[in-house]
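Below you'll find only one chain, the form predicted alone, shown as structure tokens.
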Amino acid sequence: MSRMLQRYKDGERMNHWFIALMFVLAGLSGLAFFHPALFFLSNLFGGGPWTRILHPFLGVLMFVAFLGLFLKLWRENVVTAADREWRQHMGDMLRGNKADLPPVGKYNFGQKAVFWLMALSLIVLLVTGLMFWRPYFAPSFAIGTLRIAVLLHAVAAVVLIVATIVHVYAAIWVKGTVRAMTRGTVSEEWAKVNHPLWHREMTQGK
């Protein structure tokens, strides 16, 4: 039986799932105002007024939680020359031909791209959301500026949703990955196949 390697500590996993919860709640409450056809989602939060009140607080909580994750992981997500080489072989990965992929560390180029997309979209969501947060900050900006902020907020939300869908799909698609965030460990065989440099780092001298 393959030995287990620790990929995430308990605190990191709890933070991850808190971000996921805030993402769902902020996403549903935001979609309620995105289009009249989706306004029924406001019933999940006690109606329109409560949804409008809760949405920005949920967004801020998600950003703060992600900031903790960002400060912990950003160095490991810096794109390197090896990542750019891996990107050129992404077709092999999609075809399931992992043998021809260049070896990667804890995260591959795709995971790093999703990480930075999430970080960028959350920064845009925070800044624009604060700008039209009534009654606190919105009166400080001209109506034209607020309209641009609303548009950018919507675009950033779509980017974050798409990035999250890719993140979840990839975790399910690569067998054994979900375990990293449910139990904090992955099998040594999984590490050898998907992240050989990280596997070498974790097992060196053992």
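Counting begins at 1, following the sequence as shown. Here the structure is a predicted model, which is why all the values come from computation and not from measurement.
Unshown form predicted together with a small molecule; subsequent notes refer to it.
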**Request:** Kindly confirm or deny that Ala26, Phe63 and Arg183 each have some heavy atom within 4.5 angstroms of the small molecule in the predicted bound form.
**Result:** no
**Prompt:** Taking the shortest heavy atom distance, is Arg52 within 4.5 Å of the small molecule in the predicted bound form?
**Reply:** no
**Asked** Ile143 near the small molecule in the predicted bound form, any heavy atom under 4.5 Å?
**Response** no
**Prompt:** Can Tyr107 be called a contact residue for the small molecule in the predicted bound form at 4.5 Å between heavy atoms?
**Reply:** yes
**Partner proximity in the predicted bound form: Phe115 to the small molecule, non-hydrogen atom cutoff 4.5 Å** = yes
**Asked** Picking from 148-156, 52-60, 33-41, 162-170, which part of the chain touches the small molecule in the predicted bound form when contact means heavy atoms within 4.5 Å?
**Response** 162-170
**Request:** Please pick, from Leu130, Leu120, Leu101, Leu73, the one residue with any non-hydrogen atom lying within 4.5 angstroms of the small molecule in the predicted bound form.
**Result:** Leu73
